[in-house]
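A single chain, nothing else alongside it, follows as structure tokens in the form predicted on its own.
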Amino acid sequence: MEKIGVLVVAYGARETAMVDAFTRSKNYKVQLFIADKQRNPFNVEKAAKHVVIPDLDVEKICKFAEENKANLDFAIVGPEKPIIEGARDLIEKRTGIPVICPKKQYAIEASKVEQRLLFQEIAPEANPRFKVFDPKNYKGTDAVKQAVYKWLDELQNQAVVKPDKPTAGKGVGVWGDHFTTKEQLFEHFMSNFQYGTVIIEEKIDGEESSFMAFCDGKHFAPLPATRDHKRAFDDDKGPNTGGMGSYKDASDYLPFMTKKDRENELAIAQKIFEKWSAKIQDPTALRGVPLYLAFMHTRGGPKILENNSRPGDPEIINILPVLKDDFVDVCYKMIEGKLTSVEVEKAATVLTYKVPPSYGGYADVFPNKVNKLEVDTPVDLSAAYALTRKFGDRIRVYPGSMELKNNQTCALKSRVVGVLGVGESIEEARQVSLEGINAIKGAALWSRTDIAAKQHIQKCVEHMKQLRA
């Protein structure tokens, strides 16, 4: 068995799933060098060398790569921050080690305006209506207010406010969730506008799916559609989070989608990739997951909500454990420019996250249901891991926002641990995931109970029927 070395830049459970996929390789003995945001217990156990870089600074990551250059065959970056800040460019320049993620110039999730302009040029039919507000174009608050209100009239107030780049403002705001009057919307808008360009898009009615594809720069290998549950609470209530869980069906598309919906997604994504890559001189620049598209399926076909330049967290966790191909071989093909397709098992998967009371505002909304989570509260994963005796590979436990301290696994402030269930049907996979989640003891963690639930899926199906009618 060939021995290889891989550098993994890690943040949470997404990268834990990558580490798991590497360690389960049947064709290679993988030695892992992990640059991690914290002392993730899973990663510490699996790594030949593990370093903590809390801010995921690209200079520090590159230094770690340089120190271990002799043992590294390639690197893979999961989190968006180091991708956007040019981790690949720096590591490849200084070490020559091939890195799997897009180059800095093409990590277009760094700019929501850049995304919209690119998609408007290539696939305008998939772009919602939008307008860009650049501070340089307006003299004073009254001028920009007049322009914003005029645009809101055109949208009948059904609008989404997005800062072009991460700012110190209020971030993304949605009509009906964050504001219900023009005055409230404008206040939200100005909190972002004082730091830079803001984009206002039309709010779209439909059902959302996540589209990802592995890419070697020349070829585009689509992965099955997944569904992320972004809202904090059951029945899609509460604020948006990083994702409380996700699912995929045994087929390539989701229960509320038709085969034609999937074909439309593929056609749009393929067109964007082909026309975008044709403009780029470096044929490797888009290596990795350059298009992780959030599609909204509407009565008029799929619309693109946003794009990310990385594997989805949690959505890639639904796919890695059911790859038919060895993940190491997939990575090598991405590096060699030979990745034409990726084989995935015909299995359903459901991922549920357990999170602390502060996450998603749960403790504020339900103060009587949870105890205050103290920092570094121990979490016992042993009963969840023990379920492998019952389910075998049909259950995976992936620590995320956890830290190994004094030989204890402790909960931190974000999505603490994800449990993936695999089954022939979504419901079967969901029951495995829930059993694993309920086996986790210790800190006052909570989770949504309806990730991939029958009633949730049926609601989505009925919604799409109404829209199509």
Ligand code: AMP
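Nothing here was measured: the structure is a model prediction, and the numbers come from that model. From 1 onward, residues are counted along the sequence shown.
The same protein has a further form, the form predicted in complex with the named molecule, not shown here; the description that follows concerns it.
For the candidate set K81, K203, K131, K182, a heavy atom within 4.5 Å of the named molecule in the predicted complex is found for exactly one residue, namely K203. Interface residue among V322, I268, I395, M296 relative to the named molecule in the predicted complex, by the heavy atom within 4.5 Å criterion: M296. Figure note: of the listed segments 142 to 150, 204 to 212, 283 to 291, 380 to 388, the one touching the named molecule in the predicted complex, with heavy atoms no more than 4.5 Å away, is 204 to 212.
Among heavy atoms of N240, some come within 4.5 Å of the named molecule in the predicted complex. The closest non-hydrogen atom of K170 lies beyond 4.5 Å of the named molecule in the predicted complex. Proximity of V342 to the named molecule in the predicted complex falls outside the 4.5 Å heavy atom cutoff.
Interface residue remark: V160 is counted as part of the site for the named molecule in the predicted complex, having a heavy atom within 4.5 Å. Contacts of stretch 81 to 119 with the named molecule in the predicted complex, defined by any heavy atom lying within 4.5 Å, are made by K112 alone.
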